[in-house]
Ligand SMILES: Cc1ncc(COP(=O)(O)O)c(C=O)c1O
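In structure tokens, the next block holds one chain alone, the form predicted on its own.
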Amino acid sequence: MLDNFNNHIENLKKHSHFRNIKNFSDKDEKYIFSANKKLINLSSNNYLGFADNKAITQEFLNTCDYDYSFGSASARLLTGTLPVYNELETLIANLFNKESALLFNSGYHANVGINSSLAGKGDVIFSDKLNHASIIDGMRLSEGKFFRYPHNNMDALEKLLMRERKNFNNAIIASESVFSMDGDIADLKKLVELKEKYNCILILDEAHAFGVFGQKGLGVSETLGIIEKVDLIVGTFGKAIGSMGAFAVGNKVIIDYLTNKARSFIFSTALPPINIAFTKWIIEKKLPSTYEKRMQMLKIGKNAGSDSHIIPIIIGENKETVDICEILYQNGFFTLPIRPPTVPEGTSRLRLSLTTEITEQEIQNAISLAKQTK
């Protein structure tokens, strides 16, 4: 009965596609410890070093004036809401100067719930070809139709809109701001122009930009001064903020609709109150003082040829990519091979992810080693 599954696993191994869960003895804001080796961690989303930071964790616990529990034991719409949840949602709404916000358990929960519920029968989603899997899965679960336009190709998107917009009721344009596997940035001003021209709802996933870009750390939309023109902004707490969970922020009508229709929200046990409190504390007490370090991190990324703190090195073939990662490992750098289906066939790569603790010399050493090996 399991032969088909086993054959599939063997085929994955044969083509260097097989993945397994890695075990680590410890990690901190810069390093990861594996098999008695201390490695610079280049595969983390811990951009500001808040996660795995024992001093930060202890400071939070010392200043915490409430004994928050480690489990909510209920969905938000049942008994899973305490004041701190509403406080965090209000904080997010106020930061973005939007009417309302809604917490989700992860960025995946947010994107699946949003895209599957907002697009009903007779509706359509126009999605960037390289949008995250969570956006794609949400579209597939929706009752609407969807089109995927070539990555960051605004001419192609407008041609789609000209051809298809009139055939549907509600239309959604969905895009990441910083693309997670390429590190490049969407043409947000053009997306705003097109959503206004063709009467669309613009959903922007700022997962990798929230906590990094902008004076307040609100994302690329803050940097460009277009927050008020984006209908729904999605962000995560599990990356730069170093906690867990995600949010959607926008018009109250949309947030109320998601509260009643997003199945990933309705049918999920709420995050533990301690996580919600930690997220709120980080955003209020720690994020405001990170501006200079964030700008330096982005500068290092740009010097390495990226638009952001995510630096892709395209290798091509799976086995070669896996082999280069092993060489980096032996030289003190931890990075994982990014392979299909995460990226298109033939574009397997290293995805070097900066944090504010990594120096320019360290990242240049890693890049040089990878390119010499290639």
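Residue positions are given as counts along the sequence shown, with the first one as 1. Just so it is clear, the structure is predicted and the values come from calculations on it, not from any experiment.
Another form exists, predicted together with the ligand; not displayed. Remarks below refer to it.
In the predicted complex, no heavy atom of F146 sits within 4.5 Å of the ligand. When the ligand is considered in the predicted complex, L103 lies well away from it, no heavy atom lying within 4.5 Å. At the 4.5 Å threshold, heavy atoms of G242 stay clear of the ligand in the predicted complex, well away from it. With a 4.5 Å cutoff on heavy atoms, G107 counts as touching the ligand in the predicted complex. The single contact residue among H132, K280, K286, K229, judged by any heavy atom lying within 4.5 Å of the ligand in the predicted complex, is H132. Only one of L258, V220, A207, L157 lies close to the ligand in the predicted complex, with a heavy atom inside 4.5 Å, and it is A207. Across the proposed site, D182, S308 and S353 without exception lack any heavy atom within 4.5 Å of the ligand in the predicted complex.
Note that among 296-304, 234-242, 90-98, 268-276, the stretch whose heavy atoms approach the ligand to within 4.5 Å in the predicted complex is 234-242.
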